[in-house]
Structures are given as structure tokens and as C-alpha cells.
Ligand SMILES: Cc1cc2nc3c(=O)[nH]c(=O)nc-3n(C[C@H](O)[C@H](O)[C@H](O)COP(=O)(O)OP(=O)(O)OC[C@H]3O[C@@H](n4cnc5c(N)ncnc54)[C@H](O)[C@@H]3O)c2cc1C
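To begin, one chain is listed below as C-alpha cells, in the form predicted on its own.
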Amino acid sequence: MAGKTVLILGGGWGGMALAYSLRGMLSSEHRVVVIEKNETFALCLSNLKIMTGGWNSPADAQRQMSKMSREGIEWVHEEALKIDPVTREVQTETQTLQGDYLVVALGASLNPGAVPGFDEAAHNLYEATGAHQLQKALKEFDGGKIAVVISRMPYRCPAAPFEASFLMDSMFRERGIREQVEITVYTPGPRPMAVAGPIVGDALLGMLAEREIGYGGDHVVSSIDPESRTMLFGDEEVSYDLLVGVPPHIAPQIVIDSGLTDSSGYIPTHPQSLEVLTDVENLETEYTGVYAIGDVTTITLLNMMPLPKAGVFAEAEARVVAQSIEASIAGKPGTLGYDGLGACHVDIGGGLAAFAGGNFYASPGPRITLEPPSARYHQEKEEYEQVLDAWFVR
């Protein structure tokens, strides 16, 4: 049997998980090729550790992709310029690559320019450099108003801005200046993490209230003035002294140009097989061997809300696609479908974390529970990053 080629477009959480899994499952005559312009990888959750000073700089969180512990992965560190899902071709700056299988794992791009003033005013929590700047700003902050602004929905890692608020609360309590600091979270949604349902949302609202963190639901920021340090939410003007921002997210331009996106702005994807859909209503595709995983996808749940954008889903989807490709190469039907299960540890500071998890594919909507904060859940969150010790050689 002639060797097959699997092209993985994107080296984020999902792309790395897929490359690692496939290289361990396929024999050496089959190629696993990762197209990713960056040469380093870091988990998005690392930004919180940078923010709090657990890591001194963004470099502390980065791993060299070339040091992935499973040998035989081919790296193409070039920017992808064009995708042809029919021929499964990807055009880069210098070459055109063709695969027997193509997996789009490009994630969601950040689009801070969509909110006037965001770039100039906000510490961008979703960029490592922004988290590092925030680390410095928090060390110097001695009182005033801190605003945490979620610009638009959806955004990746839904718990992160709430974790940032809890962690800042804890940091200022340790410094003995919490009474001098006002922290408020502003979000377009009525409840935190609305897709998880009212039970989780109400529990998070209670946790925020317990720590005297304000919550401004149904607040869509229209512009920010860095000179006056004010934000506009429609006709309402809100002042701040320190601004922590989650920028609008958008599918990468190459994905939009390829025609793979739908009205959601992302790639419609089969909820079980993770195949790219061309007929969403009937869950059918015109493309053979083309998949999408992670934040670049949109999977509509039974309550008509999208599956959240989070690394835990990208990693689980990668395992499903890996087994599907392995079965296809072997000439067997795939047996594993994504089950919609997902979980998230929510760091609240002080060595404690809550735990949210359940079935996002449940009917009539996700059945998610939130377990109270504990030291055990915080330890589990810390240990989660050890997956990188298995993936990469230092």
C-alpha cells in the first residue's frame, strides 16, 4: 500500500494534539505534515500564568515544535495562503502541498481593530505579550477601577476573563489593597458562559458577588477612548483606570477566502465526524477527507448555540479525527465519533479552582455542572499543562 499524506493546517492546541496522535498511530510510510508559520507552541491558558507572574515572560511558556517527542512529523513553517478543499491542496509562500487528508486547525484569529481604541487602550489578555504587559501594570497598580471587557461573542477559552478577574482579586487581597480596587467584568451576554446554561451562569455570578467583583451583562462595547480612559456601551459611558480586554475573534482570512465559512463566520463542521460540511441541514459534505477541528469550527448544539471555543474540545476532536484517518487508511470504517463531553477548571485564586463539566450535546441543551472551588481542582488544573511534557522534549 502506498503511503498516505495527512496535511494539518495550523499548529495550535488541536493541530499539535492531532500531529502527536497520528504520528503514534501511523507507520513511517505515511506522512504527517504540519503547516504552521510559527515555530513555537504555547497553551492559551499560559497567559493567565504570565499575568500573575507565575512565568516571567512569554518565552517561559513556549515549546519548540521541532522538539515534539514523536519523531517523523514534517514541519512547514510558512504562512498558508490558499486552501482548495476539493483537491486537498494548501498553497504556502513557496510551495503547494497536497494531502490524501486535510485537517484545518487554524483556530480563531484576534481582531482588535473591530473595536476602535482597543489596541491603544487595552491589555490584550489573549496575547502573551499583552499578558506580560498586564503583569507589569498590575504590580504598579495601587488603586482605582479595573475593567475586564469581553468585546464580542464567541471567543475562545470562555472562562479566562472570569479567571483573570478572580486572580486579580486574589492578588490585591494578598497585597492588602483590595478595598482600594474596583473590578468589573463587562460582557455581551446576560450570564457568564451562557452556553453552559443558567445553573453554571448563576453559580459564577454568585462567586463574583462573593468577591465583590461587579458584573455588567448585556454590555457590547462600541468604542474605547484611551485618552479619557472611557468606554462606550451604546449610549452608556464607563470610565476605567486599567483595562483588560478580550478582543473580537474572527476566522483566519485564508479560511474566509476559501469559501469554507458559513453565516456563523466559521467552518460548519459535523458534530460527530468533524468533517467539513457543505450541507449543514442534512449534515453532508462534498469534500472527501477534509476535516476541521478546534476554534475555527462552528458546531451547532441542540439549543442552537455554538459549541464553545476551548482547547479541551480541540484536543478531543483531534483524537476523533486521528482515529478516523487511521481507520480510513486501513480500509476500515471509523468507529469513534465526538461525544460532546467537555470540562474546564476555573481558577479563582488563593490556590483554589472550581470545576465545570458535562455533556454539551445533551437535549434540549447542554447538561453542565459546576463543582465548588477546592485545592484538588486547582492541582488538577496545574497538572493539565503537564501534557506538554509528554508532547515535547525540553
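Only a predicted model underlies this, so the values are computations on that prediction, with no experimental measurement involved. When you see a residue number, it is the position in the sequence shown, counting from 1.
The next section is about a form of this same protein that is not shown, the form predicted in complex with the ligand.
Asks: Would you please decide whether residue 312 lies within 4.5 angstroms of the ligand in the predicted complex, comparing each non-hydrogen atom pair?
Replies: Looking in the predicted complex, residue contacts with the ligand include residue 312, since a heavy atom lies within 4.5 Å.
Asks: Though only this chain appears here, would residue 142 touch the ligand in the predicted complex if you measure heavy atom gaps against 4.5 Å?
Replies: Taking the distances in the predicted complex, the answer for residue 142 is no, it never comes within 4.5 Å of the ligand.
Asks: Whether residue 38 contacts the ligand in the predicted complex should be assessed with a 4.5 Å heavy atom distance threshold; does it?
Replies: Yes, residue 38 is a contact residue.
Asks: At the 4.5 Å heavy atom threshold, is residue 245 in contact with the ligand in the predicted complex?
Replies: Outside the cut-off, so no.
Asks: Pick the stretch from 223-231, 303-311, 275-283, 174-182 whose residues have a heavy atom within 4.5 Å of the ligand in the predicted complex.
Replies: Looking at the partner contacts, the answer comes out as 303-311.
Asks: So which of 150, 321, 105, 146 gets a non-hydrogen atom within 4.5 Å of the ligand in the predicted complex?
Replies: Residue within 4.5 Å of the partner: 105.
Asks: Which of these residues, 368, 354, 44, 61, gets a heavy atom within 4.5 Å of the ligand in the predicted complex?
Replies: That would be 44.
Asks: Though the partner is not shown here, which residues of 2-25 have a heavy atom within 4.5 Å of the ligand in the predicted complex?
Replies: 10, 11, 12, 13, 14, 15 sit within 4.5 Å of the partner.
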